[in-house]
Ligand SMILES: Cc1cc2nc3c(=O)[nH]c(=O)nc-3n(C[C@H](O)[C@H](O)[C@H](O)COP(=O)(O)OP(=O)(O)OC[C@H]3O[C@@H](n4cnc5c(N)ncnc54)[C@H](O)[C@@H]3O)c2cc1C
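Below, in structure tokens: the form predicted alone, a single chain.
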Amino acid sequence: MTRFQNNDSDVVVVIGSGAGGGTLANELCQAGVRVVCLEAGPHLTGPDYHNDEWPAFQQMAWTDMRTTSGSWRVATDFPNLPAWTVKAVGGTSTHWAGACPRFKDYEFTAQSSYSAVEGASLLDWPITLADLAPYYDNAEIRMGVTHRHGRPPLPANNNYKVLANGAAKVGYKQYATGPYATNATPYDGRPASNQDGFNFQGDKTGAKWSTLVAELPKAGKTGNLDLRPGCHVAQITHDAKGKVDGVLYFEGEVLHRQAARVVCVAANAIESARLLLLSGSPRFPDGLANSSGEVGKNYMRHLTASSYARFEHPVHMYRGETMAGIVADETGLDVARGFVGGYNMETLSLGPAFLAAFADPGAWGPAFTEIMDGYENTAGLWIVGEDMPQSTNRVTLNGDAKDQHGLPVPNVHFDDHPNDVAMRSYAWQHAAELYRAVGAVGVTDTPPYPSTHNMGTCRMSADPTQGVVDRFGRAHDVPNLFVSDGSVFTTGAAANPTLTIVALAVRQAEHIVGQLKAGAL
């Protein structure tokens, strides 16, 4: 295993090994750049995973202390678990379901396309779909996305068949078993899916793309990757000129320092914002790269809600891939529906344990037992829609609560925007109509649970006073500091974020390599 010296000031330090950090690390390594990738969690692999929901959750999830505030139900139902992310090598790419829709053109220009939305801090991205299109192609090819570039579709399981038949009955046209980054046939050294029904618990076979099974092993073969699991970064340091020069990190209880030529933060939108705030100094009194005051603000989590429908006969939604079906007809911009933005409906299956926890948190009695008794006859879908950025939705440091290292924990504050409420109500109604069109005898509207799509806390902006990073993810205030995850999203769109995170990471790596060769970094 490659190991670079802690005092080696010529390395690029990547903080986090998920979709952004793992992809970025591989791209840099392939270009001959030496990378130290610091991952807070352990190095779990397929044989380590539990195909059992609660043991898997305890094994993989980021369960370090966090706090919540705001009117969202998560603050009541899961006050110390605002997000369902992974603390392990590969990050949340080992937990994601694999959905890979692209942003639509209008979603890069939300401020211009939506006009004024009261209470929303909308901003146009400093890049366009045309800018990102070749990197979307790159990402889809490397991930083996189905329905794209000649890759075959996943087979239709019963959960999808119910969804597709209902979609056809109500007049939808844009439905399919993909695009998903899970192999229908072997690809890039990864096997075909065995349809085992476990996606959120870690994919034991490696059929689903993740940086754990795809990007990081390739980076390791170059000899340019020093991957360090169990290393929790506490602070980014800088020199007298304000350029970053290293990071302080805990390995167990021991504090180390790794020097750096460039630092790239890819710790997920909650932890990335927290780390910049923890890295304040006399030069950066409000947090590193935070002269705009925007670090931590504009936190987005997508609309997220679910619908579970019960039928007279078995569906067995848990057989086959957890997600392998999308209805995209509602992703267009149509203000006649009573809201701006759009949403996807995607097949979703939870096991009995998680359905009991998330279908209606805290519920009991006949209505709850009806949900559980009908489990085998249940079909499910997840609603993924664009939520409005709001400056008051933000990640801050909670000085009254400390983590295991004695550091202030992040507090995640969130309130639904009226546009979010209108979209969710509309989406629930239309999901119920879809299911009832094929004979559903009951439909349960499930409220949002801990966030898996975390975005926006270090957003891109053309104007340095309106955001944290530029169009390449470089901090406006610090020339050799980059943010490389969903934190940089200016707005959230209706698309699941992973494909876009990977595309942006490939584009950012290309930019960093060019800057290094030019001597600009």
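Everything numeric in this text was worked out from a predicted model, so none of it was measured. Numbering starts at 1 and runs along the sequence shown.
If you look for the form predicted in complex with this ligand, you will not find it shown, but the lines that follow are about it.
* Asked: Hey, in the predicted bound form, does A19 get a heavy atom within 4.5 angstroms of this ligand?
  -> Yes, A19 lies within 4.5 Å of this ligand in the predicted bound form.
inquiry  = With a cut-off of 4.5 Å between heavy atoms, is N268 one of the residues that contacts this ligand in the predicted bound form?
reply    = Result yes; N268 sits at the interface with this ligand in the predicted bound form.
- Query: Does at least one non-hydrogen atom of V86 fall within 4.5 angstroms of this ligand in the predicted bound form?
  - Reply: Output for V86 is yes: heavy atoms within 4.5 Å of this ligand.
Heavy atoms within 4.5 Å of this ligand in the predicted bound form: does T177 have any?
No - in the predicted bound form, heavy atoms of T177 and this ligand never come within 4.5 Å of each other.
- Partner-facing stretch of 44-52, 466-474, 480-488, 26-34, counted where any non-hydrogen atom is within 4.5 angstroms of this ligand in the predicted bound form: Selected range: 480-488.
Q) Within 4.5 Å of this ligand in the predicted bound form: all of M317, T378 and A493, by heavy atom? A) Checked in the predicted bound form: no contact with this ligand for any of the three.
Candidate from A97, A120, A164, A432 lying within 4.5 Å of this ligand in the predicted bound form - any heavy atom: Contact with this ligand in the predicted bound form is made by A97 alone.
TODO: Could you check which residue among M300, L212, M323, M345 gets a heavy atom within 4.5 Å of this ligand in the predicted bound form?
DONE: If I apply the 4.5 Å criterion carefully, the residue I get is M323.
- [ ] Determine the residues of 29-43 with a heavy atom within 4.5 Å of this ligand in the predicted bound form and present them in sequence order; the list may be empty.
- [x] Sequence-ordered list: L38, E39, A40, G41.
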